[in-house]
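We give C-alpha cells for two forms of one protein chain below, kept apart as structure 1 and structure 2.
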Structure 1
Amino acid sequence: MSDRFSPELVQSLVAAIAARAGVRQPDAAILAEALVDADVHGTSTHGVSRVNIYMRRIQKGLIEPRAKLVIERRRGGTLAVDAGNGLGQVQAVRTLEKLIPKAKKYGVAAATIRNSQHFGALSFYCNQAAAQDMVLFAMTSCEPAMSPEGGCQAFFGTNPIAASFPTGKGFPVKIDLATSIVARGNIIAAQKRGQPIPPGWALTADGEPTTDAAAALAGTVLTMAGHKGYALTLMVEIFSSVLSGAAVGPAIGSMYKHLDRKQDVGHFFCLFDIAAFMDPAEFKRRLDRAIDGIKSCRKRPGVTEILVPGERSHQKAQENLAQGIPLDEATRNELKTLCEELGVEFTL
C-alpha cells in the first residue's frame, strides 16, 4: 500500500539520511533532489526506493560518499572524468556543471565519466539542460541484464539513452528510454509485489520465455526491436563504457547482487547550446509548431489525444506536486530503519 507525502518533506528526509551516512551536505541535497524528482515524474523505480541500497553500499565501503570528481583529460570542449566511485547522481550533476560553460563557449561540449554508479533517471539531467535552453544527449551503461540478439546470457545492461528539448508548452519534449523492451526496474518492482510480468519482456537463464519476475531477473531482459535494439545497446556500451574506460559488460558490478565490489559504471554526456545553432526562442516556436502538427494528426479509433514524449510525465508531476508522491510500505520501512540506525528523525 502506498501513501502520499510532500516531495519537500521526503527530499529533506533523504538528504538528512545521506548526510548522516557520510555524504557532504551539498551532495546529499543533490542526491535527494534527483531521487525525489524521479518519483515526482512517476519513475519510482529510479526514485526514493533506491535510497536503501545506496546507503547500504556506502556502509560496506562500496560507494565513496565524499568522492571528488577528477578530470583526467581535457581538450577544448571535452572532458574525461573519473567519478572516484562516488554517488552517480552527484558526480553526473557536477560533470554537467562543468560542461555548461564549455558548451556556451564552443557550442557543443562532451564528457565521458568512468568509475561511477547507477545514477537514476537520465531525464533529470536532460531536463536541467533544457531549462537553460540547452540539449543534453545522455547515455549510460548498466549492470548486466540483457543478452545480445541470439544469446541468453546477460552481457549488456538495459543501457538507456535520453535527451530533452525546451518548448514553449510548459514542459520539455523528453525522450528517456532503455534499449531493452522494458526497464529492468519494472521487473524488480513486479518481483517485490509478487506479480507476474507480461509475455515478451524476458527470458529465463536457459533462454525460455517467462512471465515470472524472479526467473526473468535470473535470466535476461529482451532488447527492444530485436536486432535494432541490440545495435543501440552496443552503441551505448561503446560510448559509456569502452570510450570512458569504465567496466564493460559482465565486468560491471551489480548494485544488488555484488555487495563485495564496486560497480564502475560509465556515462556519456554531449551538451548542445541551442544558441550556437539558432535563437532559442525561434527553436521553441518551431518545436511548438511541430508539436501542434503532431497533435492534430488524425487519431486512431478510441484515442482522445495524441501525446508527445514528456507530456505524460509532466502531467504526472503536476498531480504528484499537488497531492504528494506515493511511497510504498516497503520503501517507508526501509527509510524508517535507516533513520533508526543513523539517528535521524523519521518525519513521514
Structure 2
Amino acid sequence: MSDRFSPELVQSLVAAIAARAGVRQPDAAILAEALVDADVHGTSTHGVSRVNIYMRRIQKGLIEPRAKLVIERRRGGTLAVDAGNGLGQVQAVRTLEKLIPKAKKYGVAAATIRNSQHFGALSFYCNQAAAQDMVLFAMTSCEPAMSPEGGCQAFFGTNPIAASFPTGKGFPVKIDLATSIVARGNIIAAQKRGQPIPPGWALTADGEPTTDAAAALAGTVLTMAGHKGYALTLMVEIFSSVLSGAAVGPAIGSMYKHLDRKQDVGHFFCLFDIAAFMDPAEFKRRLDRAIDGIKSCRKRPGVTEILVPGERSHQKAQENLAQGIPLDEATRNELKTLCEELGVEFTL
C-alpha cells in the first residue's frame, strides 16, 4: 500500500541517510532532490525506491560516495569526464554545471561521462536545462536487457534518449524514452500479478516469442520498432559507452545482480543554448503554436484529448506536490531499516 508523504520531508530524510552513509552534504542534497523529483513526476521506478540499493552499494565499496569529477579531456565546448565511480546523479549534475557556461559562451557544449552508475531519470537534468532556456539532449547506457535485432542474448541496456524544451504553457515538452518496447519493470509487475505479458514484448532465452513473464525475464526485452529501435539503442551505446570509455554492452555491471563489481555506466550530454539560434521568447511562442496545432488535430475514434509529451507528468507533479508523493510499504521499510542502521531519525 502506498501512503503519501510531503516531498520536502522525504527529501530531507533521503539527504540525511545519504550523508550518514558517507556522501558529502551538498552531494547528498543533489541525490535526494533528483530521486524525489522522479517520485513527484510519477516515475517512482527512478525515485526514492532506489535509495536502498545505492546505499548498499556504497556500503559494499561498489560506489565511491566522495568521488571527484576528473576532467580527462577538455576543449572550449567539450569535456570527457571520469565520474570516479561516484553517484550518477551527483556526477551528472556536476557535469551539467560545467557545461552551462560553455554552452552560454559557444552556443553548444557536450560531455561524455564514464565510470558512473544508474543515474535515474534523464528528464531531471533535461528539465533543469529547459528552465534556463537551454536544451539538454541526454543519453545513457544501462545494464544489459535487450538483444540486437536477430539475436536473443542481452547486450544493450534499455538505453534511453531524452530532451526537454521550454514552452510558455507552464510545463516543458519532455521527451524521455527507453529504446525498449516496454520498461522491464512492466514485465516484473506482470510476473508479480501472475499475469501474461502482451505478445511482442519479449523473447525467451532461446529466442522464441513469449507471453510468459518469467520466461521473458529469463530472456530479453525487445527493442522498440524492431530494427529501428536496435539502431537507436546502438547509437545511444556508442555515444554513451564507446565514446566515453565506459563499459560497453554486457560488460556493464548490474545494479542488483552484481554485488561484487562496479557498474561503469556511461552517459552523454549535449547542451544547446537556445539564444545561439533564436530569441528564446520567440522559440517558446513558436513551440506553443506547434503544441496548439498538435492538440487541435482531428482525433482518432474514442480519443478525447491529444497530449504532448511531458503534459501528463506535469499534471502528475501538480497532484503529487499538493497531495504528497506515494511511497510503497517496501520502500518505507527499507528507509526505516537504513535509518536504524545509520542512526538517522525516521521521520515518515
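All figures in this text were calculated on a predicted structure; none of them were measured in a lab. We call the rigid core whatever largest set of C-alpha positions still superposes within 1.5 Å between the two forms. Numbers given to residues start at 1 and step along the sequence of structure 1.
Between the two structures, is it 1 or 2 that corresponds to the form predicted alone? It is the first structure (the form predicted alone) rather than the second.
If we fit on the core, is the Cα of Gly185 displaced 2 Å or more between structures 1 and 2? Yes, Gly185 moves 2 Å or more.
Taking the rigid core as reference, does Gly200 move its C-alpha 2 Å or further between structures 1 and 2? Yes, the C-alpha position differs by at least 2 Å between structures 1 and 2.
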